[in-house]
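We begin with a single chain expressed as structure tokens, specifically the form predicted alone.
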């Protein structure tokens, strides 16, 4: 679903309508179609999806719980604008969680799973060779899906839910602080991780994953920037 489309959800239950709106807004945030700081008016969201403000509010509250939206008293909801410290905490959390996911996944992985990973790597490579913002968004999404696929293999639904949130929040951080303008989720690093997974080498896979996360974070510019004075900003 696209945020710009008016979607009729009147026949669905309120919980299902809220979930559908949450998914559409979440995709728009992760795909960088909604910039950090963008106001998300309950009235506008409700109008776009042809639902009540109550249903729209429920969707925004779910996104706030996930850290993708900030709700400010008397001001409303906005796409989150995480601080540099929050960004560091997100990647610190990934360093703690992803090795545990790998330890569980290597015990369960099958030849069919490896083939699925390789198909995803082929998809990543295809997007890397294309040009334009749509291809770039697709590449970022495919890179995130790599980590989510690994979480699903762990067989632990709680860890999977944590990773779903962390990958989404990582994408938002990359959108704000990324220096290269791309995900930096290296295709070659993913391929090396798959090779180690195929050998069921948990220690090597974890080592590669930690290096990979370091690489992603190294592409971020987390220095606090001072705003320019109005005179300088306007060229006077």
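Since the model is a prediction, treat every value here as computed from it, not as a measurement. Numbering follows the first chain given and starts at 1.
The form predicted in complex with a further copy of the same chain exists for this protein as well; it is not shown, and the discussion that follows is about that form.
Asks: Choose from 206 to 214, 190 to 198, 66 to 74, 40 to 48 the stretch whose residues reach within 4.5 Å of a further copy of the same chain in the predicted bound form, heavy atoms counted.
Replies: Stretch with heavy atoms near the partner: 66 to 74.
Asks: Using heavy atoms and a 4.5 Å limit, would one call residue 106 a contact residue for a further copy of the same chain in the predicted bound form?
Replies: No, residue 106 stays farther than 4.5 Å from a further copy of the same chain in the predicted bound form.
Asks: Is residue 62 close to a further copy of the same chain in the predicted bound form, meaning a heavy atom pair under 4.5 Å apart or at it?
Replies: Because a heavy atom of residue 62 falls inside 4.5 Å of a further copy of the same chain in the predicted bound form, the answer is yes.
Asks: So in the predicted bound form, does any heavy atom of residue 116 sit within 4.5 Å of a further copy of the same chain?
Replies: No, residue 116 sits far enough from a further copy of the same chain in the predicted bound form that none of its heavy atoms falls within 4.5 Å.
Asks: So, in the predicted bound form, is residue 122 in contact with a further copy of the same chain at a 4.5 angstroms heavy atom limit?
Replies: Outside the cut-off, so no.
Asks: Taking heavy atoms and a 4.5 Å limit, what residues of 189 to 217 are near a further copy of the same chain in the predicted bound form?
Replies: Heavy-atom contacts within 4.5 Å come from no residue here.
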